[in-house]
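Encoded as structure tokens, the following chain is the form predicted alone, with no partner shown.
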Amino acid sequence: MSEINYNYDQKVLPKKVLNIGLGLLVVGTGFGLIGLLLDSQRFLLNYLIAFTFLISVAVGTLFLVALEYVAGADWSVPIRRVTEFFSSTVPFLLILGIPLLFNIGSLFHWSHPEAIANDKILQSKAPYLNTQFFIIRFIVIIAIWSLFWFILSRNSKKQDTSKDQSITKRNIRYSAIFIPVFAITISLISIDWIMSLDPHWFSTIFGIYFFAGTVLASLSVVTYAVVKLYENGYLHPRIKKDHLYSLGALLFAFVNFWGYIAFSQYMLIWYANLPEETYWYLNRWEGMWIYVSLLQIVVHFLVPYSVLLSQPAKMDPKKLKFAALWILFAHLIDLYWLIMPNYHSEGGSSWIYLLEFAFPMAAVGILCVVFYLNYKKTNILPVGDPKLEKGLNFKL
């Protein structure tokens, strides 16, 4: 097979991307640590919000890579490296999770032996909800994700030089294995780190709810990065608005999917009207939380739905960037709504409220740094992929 000349010279990404990322990381971490001095419990919950946000983006982008291979998509091949770059955050999740692992007792009620002693529900859940098994599950899940990330990304980069088409077939097989594994592990992660904050509550649809938010967040990060690169000439010149439309259509589809799952979870619990389920929503319908709950409907569904509804909007760079950033903000609000109602403190400083988004700021910084370092050492165009030519010629 003759090699195709794509007439593409990768532009150097300005170092300001790295500087912005490092700045956000340092400032966000610094202000976040101030929260430790003011209120240690709220500090941990704020850190957990940022941590689960990074999980969403990291493993969500890895899922998108696998999905492309399994679906046999052509249009996304020229921009797949952007997705691969963000998925390289996966191995760092183990390091970032260490502070939380050392504070399991401060986060999770079920980790206290005295709490289990007088609670039949916690006793029945103890074989699963115990500290040792919790840590083992977390390490094993991150190891599994890291293994699939390593295999898929290594093969993709190797194909740039070898031009071996059989590598694509191997990645399709690995991706087909990863997707059901991802479905199980992302559900376990959501149950362990979020749902078990309130161990008496349960929902059979919670894993899917977190999955919907995960895919939305990862799609938003990729969309924003691709549009910015497209506008500034860092992608292949044959990439056009037809590619952007596909990203916009996926965003719109998962906005609807998230709305459907969110409503389904609420409707099923409301209809069953079981006290052991309904109290979770009732807690989020009291005090300030009623406003956050109503905000969810507007911010996470109505606004992005309206912005992305028309066909021209799905290929408009300005509207796509706005929608992507808005959805990322909505995902943070969603995580805040899921996690922070579990905060209980008799005191605490009011200054902590000014630091709520310090760690999410640091998380965005991590993503910027990871993307810059990957872009610097890896071709952003997968020149060895056999579907690249069809991807560059993609038309609606």
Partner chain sequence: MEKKLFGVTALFNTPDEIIKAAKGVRESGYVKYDVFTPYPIHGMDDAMKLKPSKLGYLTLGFGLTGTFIALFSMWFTMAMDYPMIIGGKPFFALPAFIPVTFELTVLLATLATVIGMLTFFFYFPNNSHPLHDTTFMKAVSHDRYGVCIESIDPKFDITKAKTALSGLGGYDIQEIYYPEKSDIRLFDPKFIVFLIVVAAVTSGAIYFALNKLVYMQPFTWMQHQQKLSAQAETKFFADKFSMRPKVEGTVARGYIPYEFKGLAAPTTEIVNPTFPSEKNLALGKKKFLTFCSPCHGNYGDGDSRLRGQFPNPPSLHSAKVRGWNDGNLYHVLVNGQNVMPSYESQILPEERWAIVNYIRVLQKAKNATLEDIQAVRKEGK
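Here the structure is a predicted model, which means the values were calculated and not measured. Residue numbers count along the first chain shown, from 1.
The same protein also exists as the form predicted together with the partner chain; that form is not shown, yet it is the one meant from here on.
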Notebook entry, point to check: Which residue, 285, 280, 266, 150, has a heavy atom that falls within 4.5 Å of the partner chain in the predicted bound form?
Noted result: 266
Notebook entry, point to check: Of these, 309, 143, 95, 71, which has a heavy atom no more than 4.5 Å from the partner chain in the predicted bound form?
Noted result: 309
Checklist line | residue 273: touches the partner chain in the predicted bound form, heavy atom cutoff 4.5 angstroms | finding: yes
Check: Can you pick the stretch from 258 to 266, 288 to 296, 216 to 224, 102 to 110 whose heavy atoms fall within 4.5 Å of the partner chain in the predicted bound form?
Finding: 258 to 266
Check: Within 359 to 396, which residues come within 4.5 Å of the partner chain in the predicted bound form, counting heavy atoms only?
Finding: 395, 396
